[in-house]
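This document opens with one chain alone, in structure tokens, the form predicted alone.
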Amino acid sequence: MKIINKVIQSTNMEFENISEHIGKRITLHGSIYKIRKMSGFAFVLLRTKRQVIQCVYSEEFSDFKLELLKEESCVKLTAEVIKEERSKTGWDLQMIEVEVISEPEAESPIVINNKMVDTSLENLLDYRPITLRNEKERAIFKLQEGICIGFRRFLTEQKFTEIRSPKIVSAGAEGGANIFHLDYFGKDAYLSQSPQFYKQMMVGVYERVFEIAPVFRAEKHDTSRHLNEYTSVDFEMGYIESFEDIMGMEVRMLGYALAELKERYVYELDLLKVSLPDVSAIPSIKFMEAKELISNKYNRTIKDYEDFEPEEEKLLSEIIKKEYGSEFVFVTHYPTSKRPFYALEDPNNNEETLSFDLLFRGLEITTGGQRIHDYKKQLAKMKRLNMNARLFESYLMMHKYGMPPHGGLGLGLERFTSKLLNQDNVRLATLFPRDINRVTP
């Protein structure tokens, strides 16, 4: 019997530490990203776990033939760190020895080692396991990692408890037709549209909870802003005095995450030329006031009194950016007819809810608000909406046995990432997109 009591795994030399080894030999591993043959020597770009590192090959100091190397081969190499003032890094890596660990069986169908992957969106997604190896493509998801780390650290510091709610449910939190139906051992079940019911329940347990997880929407939209599976950043908090407490928490959460990027993801920010927005303060405007502002400013007729048209979101963002200098804007007091049954109505106007959306650079990225916490009020609203309360017994259990005033939000991670990078399609900020046409790869 073999007993394993300790596993030591070697880690690759970090790019930032290479300068500390000038005059010494170091060992690196990675994939051959690109070979640039010059007169008498060659530049060999090595794709490591985070960065692409330039190495120099020459028959003068390299103990192997350049022909041994193929693009996308996985290698382990020994190189000497040489001081080089003409280099941006201040050093060069002279390749001494190389061990080829594996080689590709076929040539890549798409060129991935240029600055950009020059192909259609369809090809970019069809060949995702390969195209994600492009330096800029993979940088997108390192930044997305940083965003999630920032959100998680902030919420943990604010005493939120991370939860994991089920994704197979007996009823949709949002209702409507945009829900995936499942045959669950002969019973009706659905893929979760939102962790809404469960995060509310857990407020009664932990007071403050959050979850970063996939949600599913059976929307038959084929647009640049819709996905059928996306990652939702949800939090819910109890003992609030106003739904503005939730908005304030989001402002701080966004600021914390962007500071995380600025501190730890400089390489990716520079590579993608990202301009981080200012989130020190975000303007707020009521829904109907925003509608009227857009109508008056652009001489547009209001056609939808319950929601924004995509063009209206863009126009409102333009106005706010020009007048307040903010790339974000909260829109509050959405109509009761538009919001779900658990949305708390404004005591001064029951046609409006104490809810909000957050728009960023012309796109809605967050929906949130205060929830009904009183059992009788929730039952009365469900009755008014002709809902069968018996179907929601497990959800109503929390109301029946006491809940504090509470509320929360859901932020679309891919939408936020996409607008942060000024992309024109949310699929570009989705690792493996799922839309009405795509379930592979």
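On a predicted model such as this, the values are computed, not experimentally measured, just so you know. Residue positions are given as counts along the sequence shown, with the first one as 1.
Below, we turn to the form predicted in complex with a small molecule, even though it does not appear here.
Exactly one listed residue, out of 145, 364, 318, 307, brings a non-hydrogen atom to within 4.5 Å of the small molecule in the model of the complex: 364. Between the options 406, 381, 399, 415, the residue in contact with the small molecule in the model of the complex by a heavy atom within 4.5 angstroms is 415. Segments offered: 205 to 213, 367 to 375, 162 to 170, 87 to 95. Contacting the small molecule in the model of the complex at heavy atom distances within 4.5 Å is 367 to 375.
At least one heavy atom of residue 219 is located within 4.5 Å of the small molecule in the model of the complex. Under a 4.5 angstroms non-hydrogen atom cutoff, the small molecule in the model of the complex lacks residue 135 among its neighbouring residues. In the model of the complex, the small molecule stays beyond 4.5 Å of every heavy atom belonging to residue 327.
Proximity of residue 290 to the small molecule in the model of the complex falls outside the 4.5 Å heavy atom cutoff. Annotated contacts: 199, 226 and 342 all touch the small molecule in the model of the complex [non-hydrogen atom within 4.5 angstroms].
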